[in-house]
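Next comes just one chain, in structure tokens: the form predicted on its own.
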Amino acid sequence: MHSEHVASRSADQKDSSRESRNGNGTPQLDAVSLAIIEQLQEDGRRPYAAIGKAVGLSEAAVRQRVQKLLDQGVMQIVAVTDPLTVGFRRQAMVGINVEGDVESIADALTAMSEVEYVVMTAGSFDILAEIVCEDDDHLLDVINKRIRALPSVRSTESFVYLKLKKQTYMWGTR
């Protein structure tokens, strides 16, 4: 029993290597934090004790690491649903061209509940936004009356999803 406690304390001391921040302010993650993230990507409900066994930390140390990763915005633990099964029958990616300040339009899009994903891009569009709606009328309303009504939106192009073939969050930590 004593040797298990010592091993656990020793593993917890490994946890003292705090993640630092790199030059652009994002957390610099160590190998243990990356391994914890991979464990949770495989199964977001995996018990902390099982994660601890896999990465060499105690359950308490894993709990602290996970909380720190959540607090830093490194990851989220959420239930991912199939939009069709919860009443959202229409999804689309909308390419948006903006005249002027792209960030202000991106911020306005993030405030819309139907917009699930916003990325500022280089290329044919200034912004790509993924929209999830109940039906075509709802999608038309969001694009025509809300997105196109934003000041500085010059044009939009919609890519309506016909069938979702792959959606995964298992890209790991490479």
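Throughout, we count residues from 1 along the sequence that is shown. These numbers come from a predicted model, not from an experiment.
Another form, the form predicted in complex with a further copy of the same chain, is not on view; read the next lines as being about it.
- For the options 55, 147, 37, 139, the residue carrying a heavy atom within 4.5 angstroms of a further copy of the same chain in the predicted complex is 37.
- Using a 4.5 angstroms threshold between heavy atoms, residue 59 stays clear of a further copy of the same chain in the predicted complex.
- Taking the partner from the other structure, a further copy of the same chain in the predicted complex has no heavy atom within 4.5 Å of any heavy atom of residue 64.
- When a further copy of the same chain is considered in the predicted complex, residue 101 lies well away from it, no heavy atom lying within 4.5 Å.
- Remark: residue 152 does not count among the residues lining a further copy of the same chain in the predicted complex, judged by a heavy atom distance of 4.5 Å or less.
- With contact defined as any non-hydrogen atom lying within 4.5 angstroms of a further copy of the same chain in the predicted complex, the contacting residues in 34-48 are 34, 37, 40, 41, 43, 44, 45, 46, 47, 48, given in sequence order.
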